[in-house]
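Presented as structure tokens, the chain that follows is alone, the form predicted on its own.
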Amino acid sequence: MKMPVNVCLILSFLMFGLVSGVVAPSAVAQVRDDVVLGMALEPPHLDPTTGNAAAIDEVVYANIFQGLTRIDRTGAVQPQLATSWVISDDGLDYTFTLKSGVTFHDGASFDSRDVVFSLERARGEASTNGQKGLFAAIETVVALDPETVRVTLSRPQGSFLFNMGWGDAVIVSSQSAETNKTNPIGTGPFKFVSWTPGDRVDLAARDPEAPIQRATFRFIAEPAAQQAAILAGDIDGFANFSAPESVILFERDGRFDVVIGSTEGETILSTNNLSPPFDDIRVRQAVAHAIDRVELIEAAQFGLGTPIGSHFAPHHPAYIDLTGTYALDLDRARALLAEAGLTDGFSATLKLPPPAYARRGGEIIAAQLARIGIELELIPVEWATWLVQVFRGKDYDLTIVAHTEPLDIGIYNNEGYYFQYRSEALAAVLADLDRTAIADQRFALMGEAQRIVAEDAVNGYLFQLPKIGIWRTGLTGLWENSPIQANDLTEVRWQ
């Protein structure tokens, strides 16, 4: 039956309206301008110039705070608050030209006086900077004019520009430095909004045209809870996911991208070299011979992780594979203990911070060392306790932790460091490294340093921590690798 023309027209308009109602919203759908990222650890505070916790930089680096230079996603040094620099022929003077028109989040203007204040504060006697050694070569810092500053070194330092890109070297204002722990004020593209302890930190973009206007870092320690939060849509992703056993689940789910990268995280069985019996190199060598890295990575990391034999990242061009220095050999381990007068073994403590790699790894290491008569008491501790007891107080025998700072083998030459290790040979090599700027020569010296540390069995070298990134498909710009501790939001956006 034919319908009247007027009825056909009415139905046509109705159909067009219905179709338009369906199609139009998708055609004008707004791309999201917010992001919620999960982190396993909550920072103890938010001032990267007065703390060692990696979680501080993971919130504030390149987001809230900026330095003279910055480290990019490839590990290369890039200009930041300094647009350029000139290095004197003797390698001692660095003259930086600063970016103009920059302000801190509270409206204070940035200029060379802030650079002088920040570097003098970081290297001063009263400094509480967690990486004070980065500034040890600085002799003077002089403001030549508001946009020019000259840093003079006491000795050439091949790593100086890289050092200035660490989170510990960001530039702060004298007007707000004392309150940055709870109210961080920097020059970065995001400003601090709020911190809900135990839950989240909220940031807001300074540029109203930025693709991400609101960013939230949610703190979820338990791996199972991390998985549940992503699946429920409460979290858009984790740049550093703590549950390697769940990777296969997300790889099979088309809603998510899974990106396995590398980190600077040398995961080690940190050893108190002045705590008997670990002050005897034969005991440390016995421990090294008893560690089964393959078993550890399979059991604690579900196969994700690269075995290491010294304190150096496998992706670095100067890396040397020293995993064979103390190969798995239980008979040799027992013989070394006997030589040290410990035929019947001994007992010690193993303090374990919260990360899953430490808690899970601790159980595996305890079982492995028990095979040669070393009985470990496992003591779980929270990060605040670990920092007080282990890192600062040196009140420990063994602990498991991933050292995520870049190119940080120099910590073995720090007499006050919690390893309590001393080596004149290493000090000489690192002094040569500090004076050398030519890449091939630096790499050779880095190799020597790796060998010394490995042969002295300073610590038990376990594996390089993988970077397990899991985030919603459509979210782009997060780093695949971690050449420095960061969740840099500057390139993050939704597509």
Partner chain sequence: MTVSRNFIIGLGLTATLVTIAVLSLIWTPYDPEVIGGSLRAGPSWSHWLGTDWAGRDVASRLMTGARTSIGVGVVAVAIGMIAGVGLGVIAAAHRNWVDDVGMRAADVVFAFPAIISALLITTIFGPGAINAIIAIGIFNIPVFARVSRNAALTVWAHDYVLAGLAMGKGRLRLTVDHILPNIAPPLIVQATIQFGLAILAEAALSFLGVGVQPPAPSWGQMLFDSQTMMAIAPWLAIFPGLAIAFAVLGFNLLGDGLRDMLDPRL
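Just so you know, these numbers come straight off a predicted model, no measurement behind them. Numbering follows the first chain given and starts at 1.
Not pictured, yet referred to below: the form predicted together with the partner chain.
Next item on the list: Look up in the predicted bound form whether G158 has a non-hydrogen atom within 4.5 angstroms of the partner chain, and give yes or no.
Entry: Taking the distances in the predicted bound form, the answer for G158 is no, it never comes within 4.5 Å of the partner chain.
Next item on the list: Classify S246 as contacting or not contacting the partner chain in the predicted bound form by the rule of any non-hydrogen atom within 4.5 angstroms, answering yes or no.
Entry: So S246 counts as contacting the partner chain.
Check: Looking at the partner-bound form in the predicted bound form, is R293 within 4.5 Å of the partner chain by any heavy atom?
Finding: The answer is no: R293 has no heavy atom within 4.5 Å of the partner chain.
Next item on the list: Determine whether any heavy atom of R360 comes within 4.5 Å of a heavy atom of the partner chain in the predicted bound form, and answer yes or no.
Entry: Yes, R360 is a contact residue.
Margin query: Please pick out the stretch from 362-370, 271-279, 206-214, 322-330 that is in contact with the partner chain in the predicted bound form, where contact means heavy atoms within 4.5 Å.
Written below: Comparing against the partner chain in the predicted bound form, the contact stretch is 362-370.
Item checked: Residue among D111, D257, D395, E222 with a heavy atom within 4.5 Å of the partner chain in the predicted bound form -> So the residue touching the partner chain in the predicted bound form, by this definition, is E222.
Checklist line | Candidate from P79, P380, P146, P307 lying within 4.5 Å of the partner chain in the predicted bound form - any heavy atom | finding: Answer to the contact question: P380.
Next item on the list: Could you run down 291-318 and flag each residue that has a heavy atom within 4.5 Å of the partner chain in the predicted bound form?
Entry: In sequence order, E295, E298, A299, A300, F302 come within 4.5 Å of the partner.
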